[in-house]
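Shown here is one chain on its own, the form predicted on its own, set out as structure tokens.
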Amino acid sequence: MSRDKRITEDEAVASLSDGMTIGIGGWGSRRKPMSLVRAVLRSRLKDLSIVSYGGPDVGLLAAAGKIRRITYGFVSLDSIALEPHWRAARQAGAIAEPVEYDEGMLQWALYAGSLRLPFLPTRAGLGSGVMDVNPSLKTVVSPYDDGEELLAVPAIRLDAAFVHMNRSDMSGNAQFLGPDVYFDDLFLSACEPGHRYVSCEQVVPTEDLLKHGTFHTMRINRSMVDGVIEAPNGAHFTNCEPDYPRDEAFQKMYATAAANFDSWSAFTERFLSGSEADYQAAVTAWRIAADDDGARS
């Protein structure tokens, strides 16, 4: 019988330690494991190394001063090009060790980590500014007749990984139903066993998984997962297609609130000062109030 791995966000985060390297799945402002990120915000964790195709996960952790090192392909809210907290942190020099990779290089680094290889060769990044901002990167020469010089992307190994899926069973066989897996399988595979966490919109019986999608949506299996968190609306305010779209109005309000200390303090007090249930209740109340204001205008 499969083991029941269901836990809460706070239980998952309580298992982590300062200084860990945490990979966060999703892509920009798409299907981010935001309930787990909010649990990190509530914790005392600090000096974290983050690996992400970044969105509001990176922005929130940067605003809270949780990040010491980050390896990233970009940090964007998609419909808002630059994540405001990330931009402010970079301009202020608040991130001690930023490592900026090409998107393909980051994929290759995670893939190398998943294969337990020290590096993988690639043409991505060659001849670009990525080499200038990462002087520690090295090249290798093909041992075959072509003799081509290639970039050796060093493997990324993770201490913990967070991803958000549409569905999972209680043992961690998880399923995406949107357009893309977003390399979430690589984040889990590049992580040491023990702290690989999948949050999901709904935990369902194993036999029901293929009722929602075909076999190709089952890229994550129970051997890759140590904990399952049932988190309805857990990716908010990013999207989790087809369950819900990105909350563009909330995202715009979030970005506007980042403009100054007072507005951000008010946002934090209203939405981030309590539990995940408090967050979801505050979002619901905000949406009702916004709808009422729209009806009156």
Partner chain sequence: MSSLADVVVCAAADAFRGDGEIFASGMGTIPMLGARTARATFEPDLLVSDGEAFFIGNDLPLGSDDKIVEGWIPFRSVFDTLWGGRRHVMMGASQMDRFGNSNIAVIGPFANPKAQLLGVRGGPGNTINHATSFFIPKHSTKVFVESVDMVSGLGYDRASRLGEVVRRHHRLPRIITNMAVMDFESADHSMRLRSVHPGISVADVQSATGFELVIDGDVRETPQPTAEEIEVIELLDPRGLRHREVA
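Remember, predicted model here, so these are calculated numbers, not experimental data. Residue numbers count along the first chain shown, from 1.
Separately, the form predicted in complex with its partner chain exists; it is not shown, and the next lines address it.
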item	value
4.5 Å heavy atom contact, residue 226 and its partner chain in the model of the complex	no
Residue 236: touches its partner chain in the model of the complex, heavy atom cutoff 4.5 angstroms	no
Non-hydrogen atom contact residue 181 with its partner chain in the model of the complex at 4.5 angstroms	yes
Touches its partner chain in the model of the complex: residue 75 (any heavy atom, 4.5 Å)	yes
The unique member of 123, 211, 116, 138 whose heavy atoms fall within 4.5 Å of its partner chain in the model of the complex	123
One residue of 143, 193, 205, 129 in contact with its partner chain, assessed in the model of the complex (non-hydrogen atom, 4.5 angstroms)	129
Contacts with its partner chain in the model of the complex, stretch 212-226 (heavy atom within 4.5 Å)	219
